[in-house]
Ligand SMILES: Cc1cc2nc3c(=O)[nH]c(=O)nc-3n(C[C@H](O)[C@H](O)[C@H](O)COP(=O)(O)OP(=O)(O)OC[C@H]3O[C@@H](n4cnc5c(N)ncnc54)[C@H](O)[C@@H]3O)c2cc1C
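For reference, the chain that follows is the form predicted alone, supplied as structure tokens.
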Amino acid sequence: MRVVVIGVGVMGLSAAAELSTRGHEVIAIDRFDVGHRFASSSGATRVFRLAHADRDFVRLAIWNHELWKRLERDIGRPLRLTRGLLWRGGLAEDVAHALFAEGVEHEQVDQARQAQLFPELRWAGEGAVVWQPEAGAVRADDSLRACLTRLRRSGGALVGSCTVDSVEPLPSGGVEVVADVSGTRTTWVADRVVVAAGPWAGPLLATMGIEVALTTSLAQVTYVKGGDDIPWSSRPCLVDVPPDGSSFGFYAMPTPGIGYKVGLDDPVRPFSESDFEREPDSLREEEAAQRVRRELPAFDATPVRSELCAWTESVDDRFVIDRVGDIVLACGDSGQGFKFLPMFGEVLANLVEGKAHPDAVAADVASLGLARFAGEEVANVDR
């Protein structure tokens, strides 16, 4: 089959690489290029973890963990740093229950055990603290390069500086994609189209008659020094959720060569298609540094740098992945998409081919589809 993939962030590029590896003719297009900083997938690291508060996401994460191993074998180098994860505060009990139910190694730790695992971390003294060893940092930029290598190695094409004008299903089957490529009008006719356009996905899907409620915003992360006297790069990742579980709160991870990365679950501002300003917010940077000083008082919380990236959230904070006719869609990363890079490739390629997902996760993958938006007009294209 000929497949056009729109968007080369973590969802689209992983799908393009997998489809090309499976022998399809793949044309991956993007208005910028791989790893561009105006969307969601740029940056040095992301957290990977098996720890989730819902059993279905634990099952998906277990499958995804095996797919990461396969990708690392295929590319010939590790793409993740295993450092473990401490989850504390809100949802910690749910995380422990979900991990236990799915047979995943973990432990609920006391103050003494936390001090062994992460000596510099302040003991909060309230709520559960869960340790899960199969977690750490994804080498994000390197993982995108690995996908690009797979795409090119198997004969796939990448077209940058490409703005999509229209995506039209054809009466006889297939889809026509019309785009502006560096000022030249270009048309592709494909058997399938994968729409993985990140923060631009909602408006683009709407032109195809597929309505998905998405909220887009810009979020900021900050890297702090960590300190020369502390082996911060070997320390675990951290998820610190408010006791009432009202938001994801605070998360952090080691990023060797740069610093300890800190993110706050609080958008800087709404995303706008015409807003290409990515200057970090100095007040938000100081807020992140203050959080490090409070929770990791022995660390050097001097900011090294901060970065803005786009978040695209669905109404229930879950990915939206489905097929409508000859259009496969993937959107709503909800700030946690990158860790599922290899799963996205596998799932989207299966949808393109009409291939079944593994029995152990088939229902979980199906739950990410449009059908969950019951009572809403989500599509008017024949499925």
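Just count from 1 along the sequence shown to find any residue number. Please read all numbers here as calculations on a predicted model, not as lab measurements.
One more form of this protein, predicted together with the ligand, exists but is not displayed; see below.
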Exactly one of A190, A135, L71, A196 comes within 4.5 Å of the ligand in the model of the complex through a heavy atom, and that residue is A196
In the model of the complex, the residue from A61, A39, I327, V347 that sits within 4.5 Å of the ligand by heavy atoms
A39
Answer with yes or no whether F57 is in contact with the ligand in the model of the complex, where contact means some heavy atom within 4.5 Å.
no
Answer with yes or no whether A17 is in contact with the ligand in the model of the complex, where contact means some heavy atom within 4.5 Å.
no
Contact test in the model of the complex: Q290 vs the ligand, heavy atoms, 4.5 Å:
no
Check whether T163 has any heavy atom within 4.5 Å of a heavy atom of the ligand in the model of the complex, and answer yes or no.
yes
Please identify, from 74 to 82, 199 to 207, 225 to 233, 291 to 299, the stretch that has a heavy atom within 4.5 Å of the ligand in the model of the complex.
199 to 207
Report whether all of A53, R318 and I321 sit within 4.5 Å of the ligand in the model of the complex, measuring from non-hydrogen atoms.
no
Using a 4.5 Å heavy atom cutoff, which residues in 204 to 225 contact the ligand in the model of the complex? It's fine if the answer is none.
L204, A219, V221
